[in-house]
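Starting off, we have a lone chain in the form predicted on its own, written out as structure tokens.
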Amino acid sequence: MSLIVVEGLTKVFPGPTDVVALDGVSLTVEEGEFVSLIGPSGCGKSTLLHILDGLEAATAGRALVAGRPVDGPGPDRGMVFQEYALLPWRTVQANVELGLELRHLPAAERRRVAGDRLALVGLQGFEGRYPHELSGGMRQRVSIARALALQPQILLMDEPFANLDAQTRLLLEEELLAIWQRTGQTVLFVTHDLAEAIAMADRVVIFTARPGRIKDVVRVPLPRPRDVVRVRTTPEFARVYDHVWTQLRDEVLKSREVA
């Protein structure tokens, strides 16, 4: 049984003119897969993540995680947003411990788990710092550590590296793949960066312009483990890039016509 099953998912945001964000989306994701979602702005990629995380309710269709309908947030799913969403009055350690506090874990256990996750993302020694004392890349590492602290089976990532400079982005791509390979978690990764989507994923899901439908699902035939820089120079990467861009280009143009 697939870990994530999405069947005929539709999401309509009501208003003076209803906005159909997703229209009949169906997708399955296997346990331990890394799947990238890519498409034009406004095509419903983030909305799909929000539905899977239980932050939004579908208008029609259904979303299942481990065979159970998604009816709200749960500890089996962790979300990492584009914006860091750290509490500025809490230290790095306290930000990572936040979800553990809400689970009423003892203080010693919270410290142990948070320390382990901060070590995993390379932030040992920064436990007592505050968010304003960190670079953008470090703040995003704290966000990832906070999500990992809850040991979710599924990591939902909504353009987590979009606000970072190119060099930091490459470093965090490498670190995320290393974490994924170590933990075996299932990752759904939204990005607008086509090269990033391919370099990271087992499969790339291409969305149409709004209303969002799945146009194609492309398997990435690149061996693991991957070097996210060197893999971009291979002929196999170039072939996948050309195929995905051919599919995506028309949708980007359509989205501009609608806008």
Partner chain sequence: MTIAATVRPGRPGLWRRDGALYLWRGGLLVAILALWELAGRYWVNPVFLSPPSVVAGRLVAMRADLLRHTVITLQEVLSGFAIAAAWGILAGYVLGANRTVERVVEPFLAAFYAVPIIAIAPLLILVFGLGTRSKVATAAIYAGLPIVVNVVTGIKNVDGVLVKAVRSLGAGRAQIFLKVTLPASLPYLLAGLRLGFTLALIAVIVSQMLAAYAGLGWLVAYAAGTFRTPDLYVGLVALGVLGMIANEGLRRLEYRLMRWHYERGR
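Positions refer to the first chain, counted from 1. Between two forms, the rigid core is the largest collection of C-alphas that superpose within 1.5 Å. Note that the coordinates shown come from a computational prediction; the quantities given were computed from them, not determined experimentally.
If you look for the form predicted together with its partner chain, you will not find it shown, but the lines that follow are about it.
**Student:** Its partner chain isn't shown here, but in the predicted complex, which of 84 to 92, 115 to 123, 176 to 184, 163 to 171 has heavy atoms within 4.5 Å of it?
**Tutor:** Answer to the contact question: 84 to 92.
**Student:** Quick one: is E109 in contact with its partner chain in the predicted complex, heavy atoms, 4.5 Å cut-off?
**Tutor:** Result no; E109 lies far from its partner chain in the predicted complex.
**Student:** Although the partner isn't part of this model, could you tell me whether D216 comes within 4.5 Å of its partner chain in the predicted complex, counting any heavy atom of the residue?
**Tutor:** So D216 does not count as contacting its partner chain.
**Student:** Quick one: does D53 come within 4.5 Å of its partner chain in the predicted complex, counting heavy atoms only?
**Tutor:** Yes.
**Student:** Is there any non-hydrogen atom of L98 lying within 4.5 Å of its partner chain in the predicted complex?
**Tutor:** Because a heavy atom of L98 falls inside 4.5 Å of its partner chain in the predicted complex, the answer is yes.
**Student:** Identify whether its partner chain in the predicted complex is within 4.5 Å of every residue in the set L188, R226 and R230, based on non-hydrogen atoms.
**Tutor:** Heavy-atom distance to its partner chain in the predicted complex: none of the three under 4.5 Å.
**Student:** Can you list, in sequence order, the residues from 135 to 152 that come within 4.5 Å of its partner chain in the predicted complex, counting heavy atoms only?
**Tutor:** Heavy-atom contacts to its partner chain in the predicted complex: R146, L150.
**Student:** How about A94 - superposed on the rigid core, does its CA move between the shown form and the other one by 2 Å or more?
**Tutor:** A94 C-alpha, core-superposed: shift of 2 Å or more.
**Student:** Once the core is aligned, please say if the CA of R169 is shifted by at least 2 angstroms between the shown form and the other one.
**Tutor:** Superposed on the core, R169 moves its C-alpha less than 2 Å between the shown form and the other one.
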